[in-house]
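Coming up is one lone chain in structure tokens, specifically the form predicted alone.
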Amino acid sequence: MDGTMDLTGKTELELRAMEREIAKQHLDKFPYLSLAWGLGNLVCWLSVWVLCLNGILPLWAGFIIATINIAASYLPSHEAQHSIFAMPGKSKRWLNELVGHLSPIPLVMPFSVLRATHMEHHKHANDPELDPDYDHHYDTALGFFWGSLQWRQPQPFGREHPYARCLKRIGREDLLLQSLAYRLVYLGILCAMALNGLAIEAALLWWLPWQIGITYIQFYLSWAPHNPGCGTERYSDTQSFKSRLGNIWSSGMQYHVIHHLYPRIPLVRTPEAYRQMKPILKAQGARVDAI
């Protein structure tokens, strides 16, 4: 299928059936790249610590690599959140959970929290009350960056993080303790390093890379695919977009519309699925004109 297919007279049900037939070509494909990416990225990040603290790798180089590692640490876990490595009950389920738990360690975020909140994002995308990522909504990129900076400042008493609100709403308050434990370990490591004369190393190998990495993730995985003006319906809750950095350096999010329609299509297959589906999606009213 390509952009010249004749869809004249096709009903909504017929278009949806054509869409599903294309999706079937990409579902249930094992994401070997994401497996190597998730585990390899963590090993690389840990190696940077060893090399820098032993004076083998210059700290400035370690900072650059660590920043890339942290920015790249979320997506393999995202594949696991959608059970793309293996569904519950399958023999490789342990591998799905392993990648899910290990890959976001540099982000200081528990896999269980990421999975629970991300499922709510998919159920309620762009809903101002129910989407835990709705606070990333801004009319402009500049507005997003300013808002992201504001959220990292001390908040007024009683103002909860949207993920905390989400977990309480779905009855998973127990996951708040996991988040707290991760954060305390993170801060404990940074403080211990500072007290032992390694404050600059702590700042350049984790604190600052985390700040840059989380901003990158929130921008490309949340703001860009859902702003501005995306709705809450099946074909309007996300969009394709043209990134100045290209698809790879924007974490493959240019084709995010495919992910929301078929979350279990592996990330590396979304560009091809998008190219095959684009005329059908456009006929359905999806926001696919950008690329």
Partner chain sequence: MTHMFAKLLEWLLTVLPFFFGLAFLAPLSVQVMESFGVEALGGVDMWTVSLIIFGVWGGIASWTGRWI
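Small disclaimer: the values here were computed from a predicted structure and weren't measured. Residue numbers count along the first chain shown, from 1.
There is another form of this protein, the form predicted in complex with the partner chain, and it is not shown here; the text below is about that form.
Peer 1: If the criterion is a non-hydrogen atom within 4.5 angstroms, does every one of 146, 150 and 191 touch the partner chain in the model of the complex?
Peer 2: Contact check passed for all of 146, 150 and 191.
Peer 1: If the cut-off is 4.5 angstroms on heavy atoms, which of these, 98, 119, 203, 130, is the one near the partner chain in the model of the complex?
Peer 2: Filtering the options by heavy-atom distance leaves 203.
Peer 1: Mind telling me which stretch in 216-224, 84-92, 69-77, 176-184 gets its heavy atoms within 4.5 Å of the partner chain in the model of the complex?
Peer 2: Selected range: 176-184.
Peer 1: Is there a non-hydrogen atom of residue 102 within 4.5 angstroms of a non-hydrogen atom of the partner chain in the model of the complex?
Peer 2: No, residue 102 stays farther than 4.5 Å from the partner chain in the model of the complex.
Peer 1: Quick one: does residue 207 come within 4.5 Å of the partner chain in the model of the complex, counting heavy atoms only?
Peer 2: Taking the distances in the model of the complex, the answer for residue 207 is yes, it comes within 4.5 Å of the partner chain.
Peer 1: Could you tell me if residue 198 has a non-hydrogen atom within 4.5 Å of the partner chain in the model of the complex?
Peer 2: Residue-level check for residue 198: yes, a contact with the partner chain.
Peer 1: Taking the partner chain as it sits in the model of the complex, is residue 154 near enough to touch it, meaning that at least one heavy atom pair lies within 4.5 angstroms?
Peer 2: Flag for residue 154 set to yes.
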